[in-house]
Structures are given as C-alpha cells and as structure tokens.
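Quick heads-up: it's one chain on its own, the form predicted alone, in structure tokens.
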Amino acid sequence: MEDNLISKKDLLELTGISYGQLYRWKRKDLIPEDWFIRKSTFTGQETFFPKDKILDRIDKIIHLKDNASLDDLADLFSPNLSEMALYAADLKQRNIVSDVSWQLLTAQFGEAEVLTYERLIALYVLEQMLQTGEMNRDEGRILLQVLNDHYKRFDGKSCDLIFIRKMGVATFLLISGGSEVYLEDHAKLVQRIALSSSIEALKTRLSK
C-alpha cells in the first residue's frame, strides 16, 4: 500500500466534488476500483486514495468533462489499448517516438507496417525511459523483451514497470499497480512507471 494517501473526506473538501460525483465516476470506470483503499482508523473503517494519482485524475476529469462524454473519458483513462493499432509511418510522422527507439524496436522484433497495441505501449515506454537519460540502449533492449514476454499477462489491468539496477546490472519487473516493493541493500530503484499513465499519455498524443 502506498504511504502517500488522502482520505475520502479530505479529497472531497480539497477538490470540491461531491460524494455522488466521486462514486459516479467510479461506476463509469473513470477512477479505478483499486484506488479505493479501505483502512482501519480510530473511528472505524475509512476510504483512502493514492493522493497524487487521484488528484491528477480528478483534475483531468474536471477539465475535460465539458468537452467529452464520461464514456470517452473512461476510454481515455482505460489501461486497455487492445483495439488500437497504428501504421508505423503515422507514428513517425507524428514524432511520437525518436529514431533511436524505433531502431531498437525493429532490431529486436523486425519491421512491421502496423503496430499492435503491445508494440505501441512498449515503444512509448521505451522512449519515455530513454529520454530520462537513466537508461542506456542495452537496457532498453531488455525492457522491450520484458514487456513483450509478460505485459499481456495483466490483460488490461493496471500494472507498474520497475527498473532496478544493482552493481551495474539492470533488472526490470512488472507488478500489479500500486504494489509495495522492497529492495535488497545496494539495489537502486532507478524508475517506476505506472503503465496506465503511459497509456493515457499515449492516447492523448494520438488523439491530437
């Protein structure tokens, strides 16, 4: 469980939304079920949320809901890209990824005229992590293989990508979204990315 939580009471006061709005957005899949965290307190059971994620999501809903239906927003926030595919030429034309990322992908899996959603998200995450300067190309190849081999196992459910390095050796993990991670001594958590956020960002880029 994440340490940086906000209670439902504080969330409603801070954002100005109503109890009804919060649960309506939950029913419409705008807010993931696993963000509603029940915890025992001295007054009984209370609901908490991962603070940064819920505040960012509510801010986006408030700013987008006047120009998009709740169903469209649910699709935007969904971690599922299963119905999405894109011509490689379009992807390059939109400058969504760099030539370096594209070359790494094609060297590993071959040229493809159409990219499936698995390839799209792998390519986009690769680009994100290379842009930080904390991951080199060899590590990028490992990342691509891990996503290729294991991402489908989550079947549309939220998951996080963990990038760990110990004594110069890189390791990538895929875990259920929001799960706690504890590392052995001398291992460094280089990056942790919520893939649902990456998918949301990719969908936003593709919709422009």
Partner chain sequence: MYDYPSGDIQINGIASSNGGTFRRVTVDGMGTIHGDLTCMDFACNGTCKVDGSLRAERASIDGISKIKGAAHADQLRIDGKVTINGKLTGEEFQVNGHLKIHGDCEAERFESNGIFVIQGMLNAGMIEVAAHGPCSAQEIGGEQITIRHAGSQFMTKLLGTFMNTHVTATTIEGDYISLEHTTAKVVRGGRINIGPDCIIERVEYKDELHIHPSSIVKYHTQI
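Each form is matched to the other, and the largest set of C-alpha atoms that superpose within 1.5 Å is called the rigid core. Note that the coordinates shown come from a computational prediction; the quantities given were computed from them, not determined experimentally. Residue numbers count along the first chain shown, from 1.
Quick note: we don't show the form predicted together with the partner chain, though the next part is all about it.
TODO: Find the only residue in 149, 59, 52, 46 having a heavy atom within 4.5 Å of the partner chain in the predicted bound form.
DONE: Of the listed residues, the single hit is 46.
Task: Partner-contacting position among 39, 166, 26, 153 - heavy atom within 4.5 Å of the partner chain in the predicted bound form - done: Answer to the contact question: 26.
Open item on the list: So if I measure heavy atom distances to the partner chain in the predicted bound form, which of the stretches 140 to 148, 59 to 67, 168 to 176, 27 to 35 falls within 4.5 Å?
Closed with: Going by heavy atoms within 4.5 Å, the stretch is 27 to 35.
Task: in the predicted bound form, residue 188 touching the partner chain (heavy atom, 4.5 Å) - done: Close contact is absent here: in the predicted bound form, residue 188 is far from the partner chain, nothing within 4.5 Å, heavy atoms only.
Task: Close approach of residue 9 to the partner chain in the predicted bound form, 4.5 Å, heavy atom - done: Output for residue 9 is yes: heavy atoms within 4.5 Å of the partner chain.
Task: CA of residue 34, rigid core aligned, shift of 2 Å or more between this form and the one not shown - done: Yes, the C-alpha moves 2 Å or more.
Task: Core-aligned CA displacement of residue 15 at least 2 Å between this form and the one not shown - done: Superposed on the core, residue 15 moves its C-alpha 2 Å or more between this form and the one not shown.
Open item on the list: Superposed on the rigid core, does the Cα of residue 24 end up 2 angstroms or more away between this form and the one not shown?
Closed with: Where the cores coincide, residue 24 still shows a C-alpha shift between this form and the one not shown that is 2 Å or more.
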